[in-house]
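Given as structure tokens, the chain that follows is alone and in the form predicted on its own.
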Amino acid sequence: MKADGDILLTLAVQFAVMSLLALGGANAVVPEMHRQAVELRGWMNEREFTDMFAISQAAPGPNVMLVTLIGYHVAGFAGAVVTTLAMCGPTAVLAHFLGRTWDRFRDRPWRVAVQAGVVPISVGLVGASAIVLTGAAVHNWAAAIITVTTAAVAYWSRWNPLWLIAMAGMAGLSGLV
């Protein structure tokens, strides 16, 4: 897509709003990224979105790289810069100005209550991300079996996840998925 002003403004507004909702990190708003990029705007299809998510998680660096990949896909280099700044900027500014105030009230009961309330919200948002990504990635029975098996092994064993990724990659190379 062409990196014109309308697209860049849309990217900036959408990702700036998402940044303020990203309790638990960028992965907490993956369902909204998916909804915006795939369902509402049609910037990409399900497969492209899940591929970008997989690349952003496999590559070294912060998990916010998904945002950069979406921006690049939609509007090239300018889109990558705009989405990354929009996702990181508002929360950085908010943290800068609220950090000292938040620390000043560390022993107050309301602060303890707020922190305790944010934990289930962030866990729920990350769980919703897992559900959306699973729905987008599972497109046949083999993919469903691999997804369920990987989740079970990751949860109940101490295996390094790289082994699971390697096995799933081999299944993909062999044509199962």
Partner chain sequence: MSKPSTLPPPASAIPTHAELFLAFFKITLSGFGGTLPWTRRMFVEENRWMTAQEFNDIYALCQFLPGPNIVNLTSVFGSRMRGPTGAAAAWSGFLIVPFCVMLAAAMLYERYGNVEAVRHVLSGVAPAAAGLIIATVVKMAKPMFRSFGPAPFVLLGTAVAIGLMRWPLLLVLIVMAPLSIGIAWWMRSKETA
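Not measured: the values here are computed from a predicted model. Positions refer to the first chain, counted from 1. For clarity, a rigid core is taken as the largest C-alpha set superposing within 1.5 Å between two forms.
Although it is not shown, the form predicted together with its partner chain is what the next lines describe.
Its partner chain is not drawn, but in the model of the complex it has no heavy atom within 4.5 Å of A37. Its partner chain is not shown here, and in the model of the complex it never comes within 4.5 Å of any heavy atom of L9. Under a 4.5 angstroms non-hydrogen atom cutoff, its partner chain in the model of the complex has A154 among its neighbouring residues. Although the partner is absent here, W102 sits close enough that one of its heavy atoms falls within 4.5 Å of its partner chain in the model of the complex. Scanning 17 to 37 for heavy atoms within 4.5 Å of its partner chain in the model of the complex gives S19, L20, L21, A22, L23, G24, G25, A26, N27, V29, P31, E32, H34, R35 in sequence order. In a rigid-core overlay of the protein, V126 has its C-alpha displaced by under 2 Å between the shown form and the other one. After superposition on the rigid core, the Cα of A166 moves by 2 Å or more between the shown form and the other one.
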